[in-house]
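Single chain ahead, by itself, as C-alpha cells, in the form predicted on its own.
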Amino acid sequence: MSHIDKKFVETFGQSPDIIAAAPGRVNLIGEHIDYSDGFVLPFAINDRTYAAVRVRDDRKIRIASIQRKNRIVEVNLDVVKPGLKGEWERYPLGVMWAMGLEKGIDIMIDGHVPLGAGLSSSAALECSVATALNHLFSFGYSLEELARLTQKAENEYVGVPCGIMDQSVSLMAQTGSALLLDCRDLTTQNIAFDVASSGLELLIIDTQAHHSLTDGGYAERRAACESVVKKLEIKSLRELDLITLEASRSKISDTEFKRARHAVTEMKRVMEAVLALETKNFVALGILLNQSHASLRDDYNVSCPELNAAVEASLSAGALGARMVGGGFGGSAIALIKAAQVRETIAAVEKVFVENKFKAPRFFTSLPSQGAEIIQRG
C-alpha cells in the first residue's frame, strides 16, 4: 500500500477508487508567450503531485492534503462555483467545477512539486485531479480538452490568468523529450532533449524567493499584450514581427512596446532552440537562454534580484547559458552547465546568495519525465 493510500484510509476510513499523478514542469524556453498563441518548449520534471479519489453516495466534497495535517475541507457540490472563498483547495474545486462533476467525492492530495518555485505546482495539482476524475467517471475528455478545462479552472475559478502551457505539458509530456507546444491549437511535437550524452547538465536553482501569480503583476503583463493586440487590430502577438512592431510604435505605449518586443523575440528564440537541440548545438542553446533572461528582465520586468544573482553566478562559473523560468517575481532559474562543474556552479550561486543575505537556494536536476498517468485503480 502506497503512502497516499495509507493516508487516505486513515483520513476517510476507506481505500480510494483511483490514484493519479501529474508532474511539475520546467520551461526550457518560451516564457510569457503561451497566452499570445506562441510556441513553447517545456518538459515535465520528476517531482509529481498525487491525487487519490473515492466516489461518495451524496454531493459532499471532502478534500485533505498530506502536506496540511489534520485539516479536511468540506463543501457541498452545489456551492462549488467561482467566488467561493478558500485557499489551496480552490485548485481541485475549480477542476471539479470546470469538468462538471455531479457526484460527491473524497480526495487526498500528496504534493511533491516545490511550492512557489516557478515549477508549476498548481498545474500538477489540477492535472492530477483532472486525470483521476476523467478516468473515474469515464468523462472521455482528450488530453487537449483536459488542458483547456484545467486552464479554465485556474483562470475563472482561482482567478489566475495563466496561459495553457503548464497544464498541457503536465498532461502530455513524454519521457526523454521536451514538448514543442503550439499554444494556438495545442498541437505538439516531441523534441529529444538529451544533454547528458554531451557531458552537460541542466541545473535547476530554486531561489526560494517565493512568488505568487495572484498579486496582479502577471495579470498586468497579460493585459498589456492584449492591449497591443487590440490597438494593432491583430488576432495575437504571434502575427507580429519586429519590423511591423517598430513601425507601429506610435500606436502603443512604451511599456506595451517592450512587452510585445519580448513576445515577438521569445517566439523566435523557441524555434531557434528547437534547431539547436536537433543539431546538438548547445553553445547556441546557451546563448538563446541568456537572451531570454535578458528579455524577461529588461522588457518584461518579471525577474528579481535573487533570479538575476542565480543567473549571473552560474554564468560566471562557466555555464553555457542561464535564465529565469516560470511566471517570474521569484521562483527558479535554470543553468545549462558542464556535468563536471555542478559543484562549482552550486558553490558560486550559494556564495552570491550569502553575500546578498538572500535565503539559501535549493538545487536539483531532472530528466524530462512522463506526463499525467493513473498509477492505481481500486
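As the structure is a computational prediction, the values presented were derived from the model and not from experiment. The first residue of the sequence shown is number 1, and the count goes up from there.
The protein also exists as the form predicted together with a small molecule; that form is not presented, and the subsequent description refers to it.
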Next on the checklist: Which residue, 168, 207, 120, 131, is the contact with the small molecule in the predicted bound form, using a 4.5 Å heavy atom cutoff?
Outcome noted: 120
Next on the checklist: Quick check on this chain: which one of 161, 114, 82, 104 has a heavy atom within 4.5 Å of the small molecule in the predicted bound form?
Outcome noted: 114
Next on the checklist: If contact means a heavy atom within 4.5 Å, which one of 313-321, 31-39, 66-74, 345-353 is the stretch that engages the small molecule in the predicted bound form?
Outcome noted: 66-74
Checklist entry - Taking the shortest heavy atom distance, is residue 88 within 4.5 Å of the small molecule in the predicted bound form? => result yes
Next on the checklist: Given that the small molecule is not shown alongside this chain, does residue 302 nevertheless sit within 4.5 Å of it in the predicted bound form, heavy atom to heavy atom?
Outcome noted: no
Checklist entry - Does residue 109 make contact with the small molecule in the predicted bound form, using a 4.5 Å heavy atom cut-off? => result yes
Checklist entry - Does at least one non-hydrogen atom of residue 266 fall within 4.5 angstroms of the small molecule in the predicted bound form? => result no
